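As a starting point, one isolated chain is supplied in structure tokens, in the form predicted on its own.
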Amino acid sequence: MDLGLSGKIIVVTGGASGIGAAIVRAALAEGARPVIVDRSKSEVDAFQVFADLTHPQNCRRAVAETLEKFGAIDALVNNAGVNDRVGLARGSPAEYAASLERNLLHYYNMAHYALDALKNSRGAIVNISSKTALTGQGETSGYASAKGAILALTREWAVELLPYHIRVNAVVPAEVMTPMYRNWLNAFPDPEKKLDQIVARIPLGKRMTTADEIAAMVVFLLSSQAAHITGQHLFVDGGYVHLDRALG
């Protein structure tokens, strides 16, 4: 299937590794020209803007450098974030605010600064959320509330941007094996036992979702094949969120 993304300029935050890197690879495979916005050097060969997105001026600079290089932005993928384990008891008001800076505020800032370019291209936005927004996880108030807000912003922006034919959707992963996830597993006394416990609760196939499976949904939503899809929350999770946990 030709997704019609050849030559499209797709900005991917957090595109240097993990799910973001998989999205960049999928975009390249479709002939798009992805722009990686990340503070770490990318594992994928594509144009990169090095930026710490917790600072609003860096979001503005990332957009400006993209437009200077390519002259357009056809799509924005808001993906950068980290499950930083800032909880209600194990945390503080200052740490909670910092977690929102890491996981939420740059979604708004990137969309705000890219908006004029997206209007010109009648582009699309895909926001990466998390199952924690719906299931809770415990001891991660900052990350969970940021991911819940991202789902709300997806619907809000989809309405606000209807007159400009800009589509806005969210992809909701559950358990995806990434370098960051592996680091989290390795903090347990028996990482493989912990992994076995997790995959036992994933209904479809009793396996983790791959980053490439998330990326496939993202590039589809950015494409002309998804031209009448907006304001949706798409779950790529093997049934983790909505199917009965007793299945595990």
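In this text the structure is predicted, and so the values were computed from the model without any measurement. Numbers follow the displayed sequence, beginning with 1.
There is also a form predicted together with a small molecule; it is not shown, and the following applies to it.
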* **Listed residue that, although the small molecule is not shown, lies within 4.5 Å of it in the model of the complex (heavy atoms), from M217, A32, I202, L53** => L53
* One residue of L28, M180, V44, L195 in contact with the small molecule, assessed in the model of the complex (non-hydrogen atom, 4.5 angstroms) -> M180
* Does the trio G81, S130 and K147 actually contact the small molecule in the model of the complex, every residue with a heavy atom within 4.5 Å? -> yes
* the small molecule isn't shown here, but in the model of the complex, which of 170 to 178, 111 to 119, 157 to 165, 69 to 77 has heavy atoms within 4.5 Å of it? -> 170 to 178
* With heavy atoms only and a cut-off of 4.5 Å, decide whether I9 touches the small molecule in the model of the complex. => no
* Asked: With a 4.5 Å heavy atom cut-off, would you call R39 a contact of the small molecule in the model of the complex?
  -> yes
* Asked: Any chance G238 has a heavy atom within 4.5 Å of the small molecule in the model of the complex?
  -> no
* To do: Considering only heavy atoms, tell me if I19 and the small molecule come within 4.5 Å of each other in the model of the complex.
  => yes
